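A single chain comes next, written as structure tokens; it is the form predicted on its own.
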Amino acid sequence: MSSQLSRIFSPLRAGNGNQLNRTRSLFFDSANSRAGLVLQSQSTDVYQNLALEDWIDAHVDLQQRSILLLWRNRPVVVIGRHQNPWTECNLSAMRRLGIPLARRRSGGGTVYHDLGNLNMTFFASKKGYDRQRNLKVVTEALRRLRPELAVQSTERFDILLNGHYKISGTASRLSRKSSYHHCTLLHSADRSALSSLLRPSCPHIQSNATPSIPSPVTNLTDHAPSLEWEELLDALVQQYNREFGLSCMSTMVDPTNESSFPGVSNMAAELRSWEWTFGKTPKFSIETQLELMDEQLDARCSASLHMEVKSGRVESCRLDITEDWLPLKLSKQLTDILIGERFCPHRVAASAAELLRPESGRLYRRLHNLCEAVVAVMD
């Protein structure tokens, strides 16, 4: 992280405590009812930042004000509200690298965030919802900074560089009276991580979940190496003020501060939960062939697996396998322990270990091989 970036997004010092305590007055003071706000989150935790979005949307009257929130995250994969994580990202690689998964409340596709990616959230009334106008803030700011960069927004509300490379993607959420539109901006993100993590874990899934549309991406610094974070953020704030006729100064906010944002910690905890991240996945099914092998006898067998998954848990499961390979009783016991279990390789592996305990010899080998094959489908 550059020293400039550290200054822009550094934790607030003790001397700024009064500023934090005044945060709520920025939202609710009647004297500011028509003012715009530009906020910068001091957190790099995705769940805290998504919770801050939810808090603003739920608690601030956006009928007479607009807000721009600037925020960044440590490495994380973020999926849309209606997406299936098993078809969108490489969950096993993410576990190995310690990279978390988050599900946001807006729609749209899957994205990779790290400290080289800037997130911008435009809050407005539902009537004032205008994604193209918001993207104009970004494109005009970039044109003023680097006129040589050919940037343009698209009908899909992305921003392209040189008519080909995606540097910004969009998602949004509309409530009864309010709206927010958030977009990314690739400054200097790890593109190798992006490409390796945004690929499916389970290729055999059949689902009506919203799929992501892959696009070639690039960083701004790949084309403008001298572009610093400080000048980028300053340009965005200036253009936001220019576009909406405002004169906002940026205010640093701490999304973990309960005195400023009461209840925000509970919002973040919900976003961290398995029930939200995986349990909100639209219903899907898996139908695939399992290739089994008894290496000691150099024998092979093929089994058919059909599984229905609802709310992230196995709702039904059928295994078709010849009885001369494995007794029906054992394959039925395996499907029985799967039903109601989370669609999770570690949970299923632990349950399968208990099933294997009383077996030995040929039956143990073949049941173990079958359990491994089923777990591999989930991993």
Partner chain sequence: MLSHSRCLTRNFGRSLSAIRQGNNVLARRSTSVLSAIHPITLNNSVKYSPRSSGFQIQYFRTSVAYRDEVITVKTPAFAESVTEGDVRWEKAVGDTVSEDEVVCEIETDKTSVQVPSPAAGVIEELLVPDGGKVEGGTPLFKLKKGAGAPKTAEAPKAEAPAATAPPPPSAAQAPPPPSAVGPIPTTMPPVPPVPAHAMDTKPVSAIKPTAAPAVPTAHAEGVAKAARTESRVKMNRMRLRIAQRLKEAQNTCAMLTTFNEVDMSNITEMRKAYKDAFLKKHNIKLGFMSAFVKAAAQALTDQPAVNAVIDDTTKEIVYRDYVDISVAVATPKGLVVPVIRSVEGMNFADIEKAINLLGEKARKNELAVEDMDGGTFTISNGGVFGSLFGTPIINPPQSAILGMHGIFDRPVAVGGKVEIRPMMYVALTYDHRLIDGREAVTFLRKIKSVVEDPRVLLLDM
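Positions refer to the first chain, counted from 1. Predicted model, so just to flag it, every value in this text is computed and none were measured.
The same protein also has a form predicted in complex with the partner chain, omitted here; what follows describes it.
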item: Every residue of Pro203, Phe244 and Arg318 near the partner chain in the model of the complex, heavy atom within 4.5 Å; value: no
item: Heavy atom contact within 4.5 Å of the partner chain in the model of the complex, the stretch among 138-146, 124-132, 299-307, 219-227; value: 124-132
item: Sole residue of Ile337, Leu326, Val60, Ile67 within 4.5 Å of the partner chain in the model of the complex, by heavy atom; value: Ile337
item: The partner chain: the contacting residue among Thr170, Thr277, Ser188, Asn90 in the model of the complex [heavy atom, 4.5 Å]; value: Thr170
item: Residue contact check: Val38 to the partner chain in the model of the complex, 4.5 Å heavy atom; value: no
item: is_contact(Arg199, the partner chain) in the model of the complex, heavy atom dist at most 4.5 Å; value: no
item: Contact of Ser175 with the partner chain in the model of the complex (heavy atom, 4.5 Å); value: yes
item: In the model of the complex, Val377 touching the partner chain (heavy atom, 4.5 Å); value: no
item: Sequence-ordered list of residues in 334-351 near the partner chain in the model of the complex, where near means a heavy atom within 4.5 Å; value: Asp336, Ile337, Ile339, Glu341, Arg342, His346, Arg347, Ala349, Ala350, Ser351
